[in-house]
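Take a look at the structure tokens below, where one protein chain is shown in two forms, each on its own, as structure 1 and structure 2.
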Structure 1
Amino acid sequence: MIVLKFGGSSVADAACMRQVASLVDAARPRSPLVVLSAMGKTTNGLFDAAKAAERGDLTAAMDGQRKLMAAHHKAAEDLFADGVPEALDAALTDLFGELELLLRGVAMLRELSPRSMDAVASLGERLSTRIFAAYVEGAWVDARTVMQTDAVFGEAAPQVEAVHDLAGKHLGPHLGAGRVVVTQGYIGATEDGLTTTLGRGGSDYSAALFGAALRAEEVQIWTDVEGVLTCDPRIVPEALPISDLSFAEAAELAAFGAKVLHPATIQPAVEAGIPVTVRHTQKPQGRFTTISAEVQTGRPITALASRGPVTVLTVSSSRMLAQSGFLARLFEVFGRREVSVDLVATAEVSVSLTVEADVPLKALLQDLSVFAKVEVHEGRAIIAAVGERLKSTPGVGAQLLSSLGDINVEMISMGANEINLSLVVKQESTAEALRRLHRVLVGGAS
């Protein structure tokens, strides 16, 4: 069997759902499990309605509910020429009734807890899948019966062993050649049945987890680009789809700013040895990317990614000279403040590192200044050049730096896995730096 995951833009309206249905019909011989996100902008609409209710503005909350209801009923009416099936109409009525009760409860208490927000947010996927399952005459399965998670609402962690067991129990019996099974991404439930969400982008993660649990032949991620590209096409219009990508490369690109894949998507597939393909919903015959455990290519650099703004901290102290324990003391501060460090470069008496722009900078500086001098450079960006043969290709570092010309590189770090060479530049230089690097190093990648 295979897993097909479609994001919100792929099921934004009836026309989009028809296109998705044609792809699902073509996959019927392969026993497809279809994992859907909410219809485009629905999740944002649910968040807005819930926040209006929290403010006590029940009128605005109910107005948001009515707009969402109208959009979903219109999609259903457009899909079914002979009228919306009675069972589907009843299901939609029940779901919007549930939403109304939740919003009224939030408005009454003037409190929107993460638990309540998850209950509200889950309705987007439950609505889209009800409509789509009815349209393709597939089996609808509530993902909350399969995706068992902890109780960290808003960012729940799946209980993988339980998911494997529950997938066999609740999804397995419906699978078979010629059949379609439809379920939700993004949502789950605790062992006690409380609704949770995996966080934004969690639908890809859901698809990979379900695929691993069911030993799928392939997990297909259908989106609005032809696979993973060599760079962000909004910055580098000539960016090309990459035909084959290793799991390690994909994880690095995702971590450093590539938008196609949620980083957590990769791990379940890595462990199960399942290839993941990234495809364009509107161009099913177009190019796509296959992500597998290992890829043998002759390219030194596969793709470029960037992330910013970030802040560079340079911590200096003469105490570093021939003294053990300095780095432990340094990073203890970041651990205590729960600040993640991305890149690190060391010298004899200084350490440079990057952190996200929204860290508690004042508190960090206060702690660090007790034993070191700290220089702060804000408004920087990380550019990552990723490739399996990066380290083993002579001269690639010189090519990379020379291609930047007059763009100043403030920090260089080779990733611990040796497939990521990261550079720090001023954020305003990022776009031009990416264009120059792409033209010289990956312009011909495919």
Structure 2
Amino acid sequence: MIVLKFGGSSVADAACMRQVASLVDAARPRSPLVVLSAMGKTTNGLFDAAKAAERGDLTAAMDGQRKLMAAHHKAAEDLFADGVPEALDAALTDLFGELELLLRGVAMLRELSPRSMDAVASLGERLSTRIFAAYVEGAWVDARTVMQTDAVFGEAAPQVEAVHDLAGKHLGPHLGAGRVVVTQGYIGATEDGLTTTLGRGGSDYSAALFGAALRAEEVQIWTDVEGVLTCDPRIVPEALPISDLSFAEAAELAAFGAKVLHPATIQPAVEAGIPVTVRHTQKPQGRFTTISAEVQTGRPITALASRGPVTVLTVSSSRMLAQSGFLARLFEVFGRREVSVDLVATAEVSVSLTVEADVPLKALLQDLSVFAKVEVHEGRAIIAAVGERLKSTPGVGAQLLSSLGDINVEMISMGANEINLSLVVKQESTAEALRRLHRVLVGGAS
């Protein structure tokens, strides 16, 4: 079997869904499981409506609900020229009824817990899959019967063993050559049936997990670009598709901000040895990226990514730094305060670390001040240059720094796996730094 995942822009309206249906039809002989996101910006719309309700602004919340309802009904009407099938119409009415109840509940209590937010957010995928399954006359499976997760609402972790069992039980029987099975990305449920989500952009992760559970021969991620590109095309328009990427490179790129893939996507597929391809829904004959276990690309740097803002903390202690145990004491504080560290660079009298910009620093800084001096620099960004051959190509670091010209590099770190060289620059220099690095180090790649 094969898994095909389509993102929000791929199912934004009836015309997009028709295109998706033609791709799914072509895959029928391979027993396709279709994993869909919500239509277009529906998830954002659901978040906005829920937040309006939380403020007590029921008018705005219901307005949001009506807009979403109109867009979904229009898509259904456009798809079914002879009239929307009764069962689909009833399903849409039920789902929008559920949304209205949830929004009224949130507005009444003026309280929006992550648990309520997940219940609201789940509607997007449940709606899009109902419409699409009816259109391709496929089996519709509620992903919440398969994607069992913990109860960390908003960022739930799948319970992989349970997902494997449940996929066999609830998806397996529907699969078969010629048939189409449609389910939702992003959503899941706790063991006792409470709706959860895997975090924004989580549909890629769902697709990889379902693929691993069902031993798919391939997981195809269909989106609005011709694969993983050498850089974010919104920043570097001349970025090019990469034809082959190793799992390690893809994971580094995803973790360092390449939005095209959810950071956790790769893991289940790597473990199961399943290739993941990233393809353009509107250009199915175009270029695409294959991500597989081992790939030796010809270039030292395959792609660039960036993430920011981050905060740099420079910790120094003339008394203790050279003594053993200093780093242990330092990281014990980060561990206790549950602040995760991304990059680390050490010098004789100081250690620099980066943390996410929005982590609460007050308690952490207080604890550190007991034994060290800390400087805090906000508004920085991490730029990651990723490539399997980085470690074996002399001179890349020098080329990297010289191509940046007058852009000041405040920190440098080579990842332990030696395929990621990360730099820290001021957030406002990020775009220009990426353009310069791309021109010199990646331009002309394939």
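Computed from a prediction, not measured in an experiment: that's the story for all the values here. Here the rigid core means the biggest group of C-alpha atoms that line up within 1.5 Å when the two forms are laid on top of each other. Residue numbering: sequential along structure 1, first residue numbered 1.
- Comparing the two isolated copies of the chain, the second one is the form predicted in complex with ligand ASP.
- Superposed on the core, the two forms differ at G97: its CA moves 2 Å or more between structure 1 and structure 2.
- Superposition on the rigid core between structure 1 and structure 2 places the CA atom of A50 2 Å or more away from its counterpart.
- Fitting the two forms on the rigid core leaves the C-alpha of S116 displaced by at least 2 angstroms between structure 1 and structure 2.
- Core-superposed comparison between structure 1 and structure 2: A363 shows a Cα shift of 2.5 Å.
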